[in-house]
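Shown next as structure tokens: one chain only, the form predicted on its own.
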Amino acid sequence: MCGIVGLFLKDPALEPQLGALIAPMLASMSDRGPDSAGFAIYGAARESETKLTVQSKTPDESFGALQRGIVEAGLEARIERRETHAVVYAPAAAQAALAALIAAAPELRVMASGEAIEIYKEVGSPRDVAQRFDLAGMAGTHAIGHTRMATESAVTILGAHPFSTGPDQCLVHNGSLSNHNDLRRALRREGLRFETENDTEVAAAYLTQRMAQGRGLADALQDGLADLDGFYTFVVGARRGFAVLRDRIACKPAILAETDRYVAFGSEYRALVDLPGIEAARVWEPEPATVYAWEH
């Protein structure tokens, strides 16, 4: 059992409130996933600038060493730290050198990369995780959160969701995949890399591969209905998009709500009850084997 929440804003006037709106949604799913929690937040992209979210168990030492490396290499990059995570901003011309610096520091792990996405995740109660990273103070266009009850791998930061395997892409999952080992081997042969043995990372990498082949987010999820075997509810984020898919049996709970100002997802309706205007929203249970997608 895990909990998922998501919020895709249609009304730009709500963007400064994105974190404040989704933080209580995440906390409300604490009993569905008390082991760890995480969230992806999509903010405004700056032209020709990419950002990397990195994590370390020794943030004081690691981020200090990374800052010194940036200065010594003469890179146009800056670091903004949040607890055990930091976001490194750099122009496209500095990306290769920055990636080499990070790869040479084994204590640093890249959580996400892209123009808009940031990912934060930690072991512990979802409410505490949201507070540690000040989720309530974040702005953006859309966000996805997950609370995890570990069933098939250890309780670790790397096992927490969201998983990101491509630029500005992320996926969270409630359920389990039965063919993830076969798919992982097939995807590795095609050059994709994995950090964990988690089945959700395989689903994320599958979508990354499909989109790298030119499929759109919705089409990639449609492909997944044929290739991903198991029980699942997926919520997926992309730079401009947000999508939901349940498997053909749809035994994992899911609720969607839509107004003129936002689309909201919750594993249970109680995650949505404090959203503005929810009493007038169109609220429904997503159909099995049906892709729901929105894009800015």
Partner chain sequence: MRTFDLSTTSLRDLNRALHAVEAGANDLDFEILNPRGAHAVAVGLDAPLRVVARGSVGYYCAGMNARATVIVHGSAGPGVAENIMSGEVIVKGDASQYAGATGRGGLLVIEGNASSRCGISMKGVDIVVRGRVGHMSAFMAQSGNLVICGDAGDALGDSIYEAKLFVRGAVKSLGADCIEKEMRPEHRATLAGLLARAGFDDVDPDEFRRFGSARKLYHFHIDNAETY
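Bear in mind that the values here come from a model prediction, so they are computed numbers and not experimental data. Numbering follows the first chain given and starts at 1.
The form predicted in complex with its partner chain exists for this protein as well; it is not shown, and the discussion that follows is about that form.
- In the model of the complex, at least one heavy atom of residue 253 sits within 4.5 Å of a heavy atom of its partner chain.
- Though the partner is left out of this view, residue 51 does not reach within 4.5 Å of its partner chain in the model of the complex, counting heavy atoms only.
- Although the partner is absent here, residue 268 sits close enough that one of its heavy atoms falls within 4.5 Å of its partner chain in the model of the complex.
- Although the partner is absent here, residue 44 is not a contact residue: none of its heavy atoms lies within 4.5 angstroms of its partner chain in the model of the complex.
- Stretch 243-251 is the contacting one of 57-65, 243-251, 258-266, 35-43, since its residues have non-hydrogen atoms within 4.5 Å of its partner chain in the model of the complex.
- Contact residues in stretch 1-31 (any heavy atom within 4.5 Å of its partner chain, taken in the model of the complex) are absent; none meets the cut-off.
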